[in-house]
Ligand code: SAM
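In C-alpha coordinates, one chain follows: the form predicted on its own.
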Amino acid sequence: MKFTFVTLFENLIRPYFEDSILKRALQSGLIEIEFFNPRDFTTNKHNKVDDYQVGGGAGLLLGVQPLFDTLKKIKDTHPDAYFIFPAPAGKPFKQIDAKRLALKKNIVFVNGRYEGIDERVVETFANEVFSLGDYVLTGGELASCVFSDAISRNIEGVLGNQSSLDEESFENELLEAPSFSKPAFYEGKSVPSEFLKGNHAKIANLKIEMAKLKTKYFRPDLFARKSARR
(Lines give C-alpha, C1' and ligand atoms only; values in the text may rest on other atoms or scores of the structure.)
Protein backbone atom coordinates (compact mmCIF):
# COMPACT_ATOMS: atom_id res chain seq x y z
CA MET A 1 0.00 0.00 0.00
CA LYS A 2 1.27 3.44 -0.90
CA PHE A 3 -0.02 6.53 0.89
CA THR A 4 0.50 9.72 -1.08
CA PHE A 5 0.00 12.97 0.81
CA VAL A 6 -0.68 16.21 -1.01
CA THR A 7 0.19 18.88 1.51
CA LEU A 8 1.97 22.18 2.02
CA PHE A 9 3.30 20.88 5.34
CA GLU A 10 5.04 17.53 4.99
CA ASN A 11 6.54 17.81 8.47
CA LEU A 12 3.09 17.64 10.03
CA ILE A 13 2.66 14.11 8.67
CA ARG A 14 6.06 12.44 8.30
CA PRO A 15 6.84 12.18 12.06
CA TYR A 16 3.67 10.13 12.57
CA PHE A 17 5.33 7.29 10.67
CA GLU A 18 8.61 7.39 12.57
CA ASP A 19 7.65 5.24 15.57
CA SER A 20 5.83 2.09 16.62
CA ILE A 21 3.64 -0.01 14.31
CA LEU A 22 3.69 2.30 11.30
CA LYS A 23 7.47 2.61 11.42
CA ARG A 24 7.80 -1.18 11.34
CA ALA A 25 5.28 -1.35 8.49
CA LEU A 26 7.40 1.13 6.52
CA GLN A 27 10.62 -0.73 7.23
CA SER A 28 9.12 -4.04 6.17
CA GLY A 29 7.72 -2.57 2.96
CA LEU A 30 4.08 -3.21 3.85
CA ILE A 31 3.35 0.49 3.37
CA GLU A 32 5.06 3.36 1.57
CA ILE A 33 4.61 7.09 1.95
CA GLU A 34 5.34 9.93 -0.44
CA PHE A 35 4.60 13.63 -0.56
CA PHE A 36 3.59 16.18 -3.18
CA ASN A 37 3.64 19.90 -2.40
CA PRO A 38 1.32 22.07 -4.53
CA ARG A 39 3.82 24.90 -4.13
CA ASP A 40 6.12 22.97 -6.46
CA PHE A 41 3.50 23.20 -9.20
CA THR A 42 2.39 26.81 -8.94
CA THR A 43 2.84 29.10 -11.94
CA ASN A 44 2.43 32.19 -9.79
CA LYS A 45 5.57 34.33 -9.97
CA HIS A 46 5.43 34.85 -6.20
CA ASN A 47 5.08 31.10 -5.58
CA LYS A 48 1.66 31.61 -3.99
CA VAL A 49 -0.80 28.74 -3.66
CA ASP A 50 -3.72 30.61 -2.09
CA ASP A 51 -6.16 32.97 -3.75
CA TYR A 52 -9.29 35.00 -3.07
CA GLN A 53 -12.74 33.52 -3.40
CA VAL A 54 -14.73 34.39 -6.53
CA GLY A 55 -17.86 36.23 -5.44
CA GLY A 56 -16.31 37.27 -2.15
CA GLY A 57 -16.11 35.55 1.19
CA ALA A 58 -13.93 35.51 4.26
CA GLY A 59 -10.50 33.94 3.93
CA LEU A 60 -8.48 32.50 1.07
CA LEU A 61 -8.73 29.18 -0.73
CA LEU A 62 -6.06 26.73 -1.79
CA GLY A 63 -6.05 27.81 -5.42
CA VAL A 64 -7.29 25.78 -8.35
CA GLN A 65 -4.16 25.91 -10.56
CA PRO A 66 -1.45 24.55 -8.23
CA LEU A 67 -3.66 21.83 -6.81
CA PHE A 68 -5.19 20.85 -10.14
CA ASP A 69 -1.75 20.47 -11.73
CA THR A 70 -0.44 18.52 -8.73
CA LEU A 71 -3.25 16.00 -8.87
CA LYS A 72 -3.08 15.71 -12.64
CA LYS A 73 0.60 14.81 -12.32
CA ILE A 74 -0.21 12.17 -9.71
CA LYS A 75 -3.02 10.73 -11.81
CA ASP A 76 -0.78 10.55 -14.89
CA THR A 77 2.06 8.78 -13.05
CA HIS A 78 0.05 6.69 -10.54
CA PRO A 79 -2.50 4.60 -12.45
CA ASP A 80 -3.83 3.06 -9.21
CA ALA A 81 -4.30 6.40 -7.42
CA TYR A 82 -7.48 6.64 -5.34
CA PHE A 83 -8.13 10.22 -4.25
CA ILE A 84 -9.53 10.97 -0.80
CA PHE A 85 -10.32 14.50 0.36
CA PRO A 86 -10.63 15.06 4.12
CA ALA A 87 -13.34 17.68 4.64
CA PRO A 88 -16.07 18.50 7.17
CA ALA A 89 -18.66 18.06 4.41
CA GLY A 90 -17.65 14.44 3.82
CA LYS A 91 -19.31 11.32 5.12
CA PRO A 92 -18.09 10.12 8.54
CA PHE A 93 -15.09 7.81 8.31
CA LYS A 94 -15.84 4.41 9.86
CA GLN A 95 -14.09 1.13 10.54
CA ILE A 96 -15.83 -0.49 7.59
CA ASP A 97 -14.19 2.16 5.37
CA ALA A 98 -10.76 1.44 6.86
CA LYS A 99 -11.15 -2.27 6.07
CA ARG A 100 -12.40 -1.63 2.55
CA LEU A 101 -9.70 0.90 1.71
CA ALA A 102 -6.95 -1.40 3.01
CA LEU A 103 -7.39 -3.34 -0.25
CA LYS A 104 -6.38 -0.35 -2.39
CA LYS A 105 -2.88 -0.03 -3.88
CA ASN A 106 -2.37 3.72 -3.68
CA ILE A 107 -4.43 6.17 -1.65
CA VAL A 108 -3.89 9.87 -2.22
CA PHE A 109 -4.90 12.19 0.62
CA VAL A 110 -5.52 15.73 -0.62
CA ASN A 111 -5.13 18.07 2.33
CA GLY A 112 -6.82 21.44 2.24
CA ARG A 113 -5.68 24.59 4.02
CA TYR A 114 -6.97 28.12 4.55
CA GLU A 115 -10.75 28.14 3.93
CA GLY A 116 -10.65 24.91 1.93
CA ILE A 117 -10.20 23.74 -1.64
CA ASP A 118 -11.64 25.05 -4.89
CA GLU A 119 -14.70 22.87 -5.51
CA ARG A 120 -13.70 22.22 -9.12
CA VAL A 121 -10.71 20.26 -7.86
CA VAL A 122 -12.94 18.09 -5.68
CA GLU A 123 -15.42 17.48 -8.50
CA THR A 124 -12.64 16.51 -10.93
CA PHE A 125 -10.48 14.25 -8.80
CA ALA A 126 -12.22 13.03 -5.62
CA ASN A 127 -13.10 9.36 -5.36
CA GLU A 128 -14.39 9.87 -1.82
CA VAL A 129 -14.69 12.70 0.68
CA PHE A 130 -14.46 11.80 4.38
CA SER A 131 -15.01 13.73 7.59
CA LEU A 132 -13.16 13.07 10.84
CA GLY A 133 -16.00 14.62 12.83
CA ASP A 134 -18.42 17.50 13.06
CA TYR A 135 -15.82 20.19 13.67
CA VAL A 136 -13.33 22.22 11.64
CA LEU A 137 -9.54 21.83 11.71
CA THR A 138 -6.90 24.18 10.32
CA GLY A 139 -6.01 21.65 7.64
CA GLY A 140 -6.56 18.10 6.45
CA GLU A 141 -3.22 16.69 7.64
CA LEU A 142 -4.41 15.47 11.02
CA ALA A 143 -7.39 13.70 9.48
CA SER A 144 -5.13 12.09 6.87
CA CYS A 145 -2.91 10.70 9.63
CA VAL A 146 -5.95 9.24 11.37
CA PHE A 147 -7.34 7.71 8.17
CA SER A 148 -3.99 6.23 7.10
CA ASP A 149 -3.44 4.77 10.58
CA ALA A 150 -6.86 3.10 10.62
CA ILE A 151 -6.35 1.75 7.10
CA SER A 152 -2.83 0.49 7.81
CA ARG A 153 -3.98 -1.62 10.75
CA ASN A 154 -6.16 -3.60 8.37
CA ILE A 155 -3.34 -4.40 5.94
CA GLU A 156 -2.22 -7.98 6.41
CA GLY A 157 1.03 -8.19 8.33
CA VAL A 158 1.01 -4.68 9.80
CA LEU A 159 -0.20 -5.86 13.22
CA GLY A 160 1.87 -8.46 14.99
CA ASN A 161 -1.25 -10.46 15.85
CA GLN A 162 -3.76 -10.03 13.03
CA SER A 163 -6.45 -11.88 15.00
CA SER A 164 -6.55 -8.97 17.45
CA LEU A 165 -8.59 -7.09 14.84
CA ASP A 166 -11.49 -9.44 15.52
CA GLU A 167 -11.98 -8.05 19.03
CA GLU A 168 -11.50 -4.36 18.32
CA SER A 169 -14.18 -1.73 18.68
CA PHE A 170 -16.78 -1.49 15.91
CA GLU A 171 -16.37 -5.10 14.83
CA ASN A 172 -19.89 -6.55 14.87
CA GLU A 173 -21.11 -2.99 15.58
CA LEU A 174 -20.00 -3.16 19.20
CA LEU A 175 -17.36 -1.37 21.22
CA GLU A 176 -14.51 -3.54 22.40
CA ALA A 177 -15.13 -5.21 25.76
CA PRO A 178 -13.26 -3.80 28.78
CA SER A 179 -9.70 -5.11 29.12
CA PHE A 180 -7.61 -5.71 32.21
CA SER A 181 -3.85 -6.13 32.78
CA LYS A 182 -1.98 -7.96 35.51
CA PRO A 183 -2.04 -8.00 38.48
CA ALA A 184 -5.58 -9.29 38.93
CA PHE A 185 -5.89 -7.40 42.22
CA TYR A 186 -4.70 -3.82 42.67
CA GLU A 187 -5.58 -1.08 45.15
CA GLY A 188 -8.57 -3.07 46.36
CA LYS A 189 -9.97 -3.55 42.85
CA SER A 190 -10.25 -6.90 41.08
CA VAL A 191 -10.78 -8.01 37.51
CA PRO A 192 -14.03 -9.96 36.90
CA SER A 193 -13.78 -13.27 38.75
CA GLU A 194 -14.69 -15.28 35.64
CA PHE A 195 -11.43 -14.11 34.03
CA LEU A 196 -9.47 -15.97 36.72
CA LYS A 197 -11.10 -19.39 36.27
CA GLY A 198 -9.54 -20.32 32.94
CA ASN A 199 -12.77 -21.29 31.16
CA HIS A 200 -12.17 -19.62 27.81
CA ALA A 201 -15.67 -20.27 26.47
CA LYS A 202 -17.26 -18.54 29.46
CA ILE A 203 -14.74 -15.71 29.26
CA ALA A 204 -15.59 -15.20 25.58
CA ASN A 205 -19.32 -15.09 26.34
CA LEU A 206 -18.73 -12.66 29.19
CA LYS A 207 -16.74 -10.38 26.91
CA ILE A 208 -19.60 -10.32 24.44
CA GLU A 209 -22.04 -9.29 27.16
CA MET A 210 -19.63 -6.69 28.51
CA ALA A 211 -19.18 -5.31 24.99
CA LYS A 212 -22.94 -4.95 24.66
CA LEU A 213 -23.22 -3.15 28.00
CA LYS A 214 -20.31 -0.86 27.17
CA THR A 215 -21.80 0.00 23.80
CA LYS A 216 -25.23 0.64 25.32
CA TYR A 217 -23.68 2.99 27.88
CA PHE A 218 -21.15 4.90 25.77
CA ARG A 219 -22.75 4.68 22.31
CA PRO A 220 -26.50 4.20 22.69
CA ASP A 221 -26.90 5.24 19.04
CA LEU A 222 -24.70 2.36 17.89
CA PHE A 223 -26.44 -0.07 20.23
CA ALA A 224 -29.88 1.01 19.01
CA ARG A 225 -28.91 0.45 15.36
CA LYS A 226 -27.58 -3.02 16.13
CA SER A 227 -30.68 -3.91 18.14
CA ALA A 228 -32.96 -2.72 15.33
CA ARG A 229 -31.30 -5.13 12.89
CA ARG A 230 -32.06 -8.21 14.96
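When you see a residue number, it is the position in the sequence shown, counting from 1. Computed from a prediction, not measured in an experiment: that's the story for all the values here.
In what follows, reference is made to the form predicted together with this ligand, a form of this protein that is not presented.
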Per contact check vs this ligand in the predicted bound form (non-hydrogen atom within 4.5 angstroms), the hit among 94-102, 69-77, 127-135, 151-159 is 127-135
Taking 4.5 angstroms as the cut-off for heavy atoms, does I107 touch this ligand in the predicted bound form?
no
With a cut-off of 4.5 Å between heavy atoms, is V121 one of the residues that contacts this ligand in the predicted bound form?
no
Does at least one non-hydrogen atom of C145 fall within 4.5 angstroms of this ligand in the predicted bound form?
no
Heavy atoms within 4.5 Å of this ligand in the predicted bound form: does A81 have any?
no
Residues of stretch 5-22 in contact with this ligand in the predicted bound form (4.5 Å, non-hydrogen atom)
none
